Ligand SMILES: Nc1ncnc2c1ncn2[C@@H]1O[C@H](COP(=O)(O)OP(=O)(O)OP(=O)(O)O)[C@@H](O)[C@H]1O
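Form predicted on its own, single chain, as structure tokens, below.
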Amino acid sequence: MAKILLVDDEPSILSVLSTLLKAEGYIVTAALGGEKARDILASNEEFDLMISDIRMNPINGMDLLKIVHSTRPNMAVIMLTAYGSVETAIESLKLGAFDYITKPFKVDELLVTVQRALEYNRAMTENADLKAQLGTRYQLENIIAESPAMKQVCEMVKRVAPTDTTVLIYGESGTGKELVAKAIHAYSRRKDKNFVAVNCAALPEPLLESEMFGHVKGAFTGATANKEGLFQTANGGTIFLDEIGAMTLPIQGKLLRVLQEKEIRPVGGNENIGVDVRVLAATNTPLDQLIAEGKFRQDLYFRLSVIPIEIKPLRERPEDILPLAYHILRKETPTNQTPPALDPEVSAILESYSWPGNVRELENAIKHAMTFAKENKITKDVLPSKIAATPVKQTLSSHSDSVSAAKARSLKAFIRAKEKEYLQQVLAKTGGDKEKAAKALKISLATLYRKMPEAQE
């Protein structure tokens, strides 16, 4: 469960928010004032989120934000501010805060913001963990693995990458097959050599053969000089053959020879050239279906699919949708600027949409929304119309069930109820002696009398 550091110099606010967050299942550490929070941050204790008031003395929320930004860059921060200090809160966003909330605010508003911050934090932490595991040129920086299916893909990448085994990657268009191929190359002993990608569906047969294997001068009209093929360019490295199912049978035969003999013959040439290239292939069409139709060689299929890796479509791994969205927001936001926030309604829509175009469609939708977003927030009206019209499923992520109607009241009302309860307890302990009660509460007798009618209701 997520660990939250809660900071405020008002004991009553600290107590109420601590009770509220603990009721939601979070592990809460409460710090009374900025100095206490500074000492906690100096320790080795880990936190997923800090919620801090801005106006405190002598160490305020902005000071704590700077400490977190410099010492705990992966920790999310939410700032609490009075309405009159909104300019300061906006400044906190520029310094790296995830979001801010103005007082007074509703309990459900707070809980939704906390959940958004933690979702973003999880996405960033997962990304950082994968980068640390690979520590290579491409790393897995664009592969978000929150779902079991994608975690399995990452495990496969780490296991197969150090070998020279041929890998066949399955997945619908837009699922990120090339990203997986790049990660395999990056974690291999070939990482310092070239990674060359070829889209087999984008080139007609004669041009594809020439691109892959090269040609000699005079091989065909326009061949005015010898040309090195992409297999030679990738020598010592990796070649990625995307949409391998679109390759014609004659070129399939020549590719099979390359895999068997480790040599190529340029178009129009008479001599073979040895190459040391690892082959990765990808398809969005089941190759067994093409084999049954006589469009793909079975012997080539067996050569290519020594290790198969399947990337599930985005609709089958909904756990990845919001982490991917936050990842894209961060990636598309200029350095030193705060990514736009996702409105809770938008989060629910993104999780409810079927994403026929997979991750590529999600990325395009986020870019579209960022172009038209106002006040640094992604709202329903800036989503592509087809996506915005999606009926929202009643899920936990849409927050329809996570916040009960009883909590949908202002924080002020929540605090008033807790204050009333506490006043009654203190008055009972002092036998109704108001002077003793005021002293115990560290408030004036006048303030106690002003609050008495509420306590006696």
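Note that residue numbering begins at 1 and tracks the sequence as displayed. These numbers were taken from a predicted model, which means no experiment stands behind them.
Quick note: we don't show the form predicted in complex with the ligand, though the next part is all about it.
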Within 4.5 Å, heavy atoms only, which of 321, 161, 143, 97 is in contact with the ligand in the model of the complex?
143
Partner-contacting position among 340, 245, 266, 174 - heavy atom within 4.5 Å of the ligand in the model of the complex:
174
Which single stretch, out of 74 to 82, 381 to 389, 174 to 182, 205 to 213, brings residue heavy atoms within 4.5 Å of the ligand in the model of the complex?
174 to 182
Taking 150, 284 and 360 as the candidate spot, are all three within 4.5 angstroms of the ligand in the model of the complex by heavy atoms?
yes
Taking heavy atoms only, is residue 327 within 4.5 angstroms of the ligand in the model of the complex?
yes
Can you name the residues of 192 to 224 that have a heavy atom within 4.5 Å of the ligand in the model of the complex?
none
